Structures are given as structure tokens and as C-alpha cells.
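Shown below, as C-alpha cells, is a lone chain in the form predicted on its own; questions about how it binds or moves come after it.
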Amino acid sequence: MEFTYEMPTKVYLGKDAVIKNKSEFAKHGQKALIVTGRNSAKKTGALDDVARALLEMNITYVVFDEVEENPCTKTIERAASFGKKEKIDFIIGIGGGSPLDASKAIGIMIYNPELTEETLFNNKVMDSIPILAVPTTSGTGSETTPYAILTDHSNQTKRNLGQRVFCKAAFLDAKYTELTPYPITMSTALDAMTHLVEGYLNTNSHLLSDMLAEKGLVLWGECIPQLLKGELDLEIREKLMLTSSVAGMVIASTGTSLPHGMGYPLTYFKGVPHGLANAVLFKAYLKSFKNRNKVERIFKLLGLDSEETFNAFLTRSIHLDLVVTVNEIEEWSHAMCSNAAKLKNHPEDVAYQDIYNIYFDSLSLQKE
């Protein structure tokens, strides 16, 4: 047996995690850049909590609150310029995956001031200034992964920055998710589930990643009845937040696989939320496996009696008013066949026709 596992993020879970563990901020400098979207950090109370913690630790801060959903490289460059001008020491990302991923990319650009929007994606290994995370959704697990997924308009896709930037610390407080609308809660929950499954059914999976994935799937399965009913009390929300972080730990070691790579065009070209873009492909993705041992175990771990029950859950959970053309499926399938990083993570041989069939069987076709 041989594997490598790394997850250096310190995780604080529980009510008032930010305030109770405010001394963590002082370990990283005397001036912080808070990176967030325009509204959620304020509405959830997360921004107020972080501001209070910083004030009590005599740390000054500035705020960049212009991160859009699926942040683009131009936003990253603008935020990095602001951070450099303000001479900040570290970054606190508050929000869902977009602000957290953006924070990592901004940290890279501040630490490496020669970088520009055009040179941000390169193969050189680069460091970042310290990043801390306060997630307000339960799906991406960005607080425990080294990845930063950005929108690259020059290539018309979403793509990983290609660096390994782990947050120094993450503060998980489920109260920040209480105001999350049900559709976003479901979409982000599905994202966490896809992380667990894609990490479990992965070329890079190993004993420790499988242990995490299996426990994550059990926890996630315990949330299924409440997700279907829309009855999401604080206990369930905390379980979803923990599951999201555990799923992040899984893919930090294994990476994601086919659905993530195939879902990017649905998000970029069709505006489908990331979690739904992955999950809508899952029936056909799981059906495509020739070796059924781990696939069948997934349904048991989720507390479901069969693949049919799992598929019925997905049908009830995913509502997309989306039609695509055969030409679009062909283009996306060819693009996926050139995505070597995702293809190598799939444990079975996969060809163009396999990719095409997953798209074709998952999406409604527009008559041409």
C-alpha cells in the first residue's frame, strides 16, 4: 500500500466559531483583506462576526466585495491590485465557493506581483499569502481543498488555477447558511455529494480517502429526507456543512472526475449552477461503470436500497429548463476528450462515444 495524503487546514466547527477562535487571525498578520460577494456575507452575519473578531484582536482590514459567481480572471487582478495597494498581510474569504476560490487566486497574485490576468495560469509552482475561509454555503468544500476554479473567458470555460493553495484555517458555523434559499442549498448539497462520489470512484483513491468518502456519504445520506422535504433545521445544515468539508478533504487527495469536467460547459454556456451541472450527469455517469462494486456500495452508504431509488432522488432534486443541440454535445464531448486531467482520474477506459452518451442520455435535445 502506498499513498500521499495532505490536508493542512485547521478546521474550527461549531456555533460562533469565528468569535471563539479569533486568536487564529492574529497568527497571520496585522492587516486583512476580506474577500466576498456583494450581499451574502452581510446578510448572513458572517462579515459582522469577522469584523468584530478582527477589531477585538486589533487587526485592521479592508473589504473587496465585488466577487461575482464563477469569478473571472479580471476580477482577480482587480482585487489583487487593491490588496497590494493596501499592503495587506493575509486574506479572509467569506462566502461560497466563488469568494473562497477567488481568495486563493488573489493570494497568489499578491505574493507574485509580476503576475497579470494573462499570465495567471502557468505551470510554475507559486506560493500565496495566508488565506483563511469562512464558508456560507455547504457544497464546494473550497475551505479544505487546494483548488481555485476560475472563469477563463479566453478559453470559454471554467478551469482550475493549477496551484495548490490550502487555507490556513476554516471557520465552519452553520448559522451562516440558515438564510440560504432552498434551491441553492440543494444545488450546493449535490455538489458535495458529487465530490464524495467522484473522489471515491477515482484512480487516485486510497484507503484514507475512501474512509473519508464513506463517512461523508453516510452523513450526506442522513440529510436526504430533509433535503427532499425542504425542512432544513440548524442540525441538518451543520451536517451538510461538515459533509461539504469532508468531501473537500477527499478531492484534495483524489481530484474530481468526469462529471466535473463535463459540467463546466453547462455552467459557462448555459448558466447552470455548478452543483446541478454535475449532478444532472450522474445517472448516466454511474450507469457507465463496468465494475459495479464501489458503485453499488455508494447506494448502501447513502442509506438507499438501489440505484433506482438514487435515480428517483435525483429526478426529484434536479429541475432544469435546459435544452441543448447535438452540435453542442459533440463540441463538449470533443473538449472533454482533451481534458487529460479529468480523464486520467476515471478508473476505466473512456472514449469519445462514452462521453457523448453521458451527455446525450442526461440532457434534453432541441429539435434541429
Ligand code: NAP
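Small disclaimer: the values here were computed from a predicted structure and weren't measured. One-based numbering along the sequence shown.
If you look for the form predicted in complex with the named molecule, you will not find it shown, but the lines that follow are about it.
ask   = Which one, Lys158, Lys168, Lys294, Lys239, lies within 4.5 Å of the named molecule in the model of the complex by heavy atoms?
value = Exactly one listed residue reaches within 4.5 Å, namely Lys158.
task = Quick one: from Gly83, Gly96, Gly216, Gly199, grab the residue that has a heavy atom within 4.5 Å of the named molecule in the model of the complex.
result = Filtering the options by heavy-atom distance leaves Gly96.
query = Does the 4.5 Å heavy atom contact test between Glu330 and the named molecule in the model of the complex come out positive?
reply = Contact check for Glu330: no, nothing within 4.5 Å of the named molecule in the model of the complex.
query = Hey, in the model of the complex, does Ser103 get a heavy atom within 4.5 angstroms of the named molecule?
reply = No, Ser103 sits far enough from the named molecule in the model of the complex that none of its heavy atoms falls within 4.5 Å.
task = Using a 4.5 Å heavy atom cut-off, state whether Thr140 contacts the named molecule in the model of the complex.
result = Judged by the heavy-atom cut-off of 4.5 Å, Thr140 is in contact with the named molecule in the model of the complex.
message = Using a 4.5 angstroms cut-off on non-hydrogen atoms, would Arg52 count as touching the named molecule in the model of the complex?
response = Looking in the model of the complex, residue contacts with the named molecule do not include Arg52, since no heavy atom lies within 4.5 Å.
task = Go through 222-230, 191-199, 282-290, 114-122 and give me the stretch that gets within 4.5 Å of the named molecule in the model of the complex, heavy atoms only.
result = Correct option: 191-199.
Site test, Glu69, Thr145 and Thr177 vs the named molecule in the model of the complex, non-hydrogen atom cutoff 4.5 Å = All three within 4.5 Å in the model of the complex.
ask   = Quick one: which residues from 10-49 get a non-hydrogen atom within 4.5 Å of the named molecule in the model of the complex?
value = In sequence order, Gly37, Arg38, Asn39, Ser40, Thr44 come within 4.5 Å of the partner.
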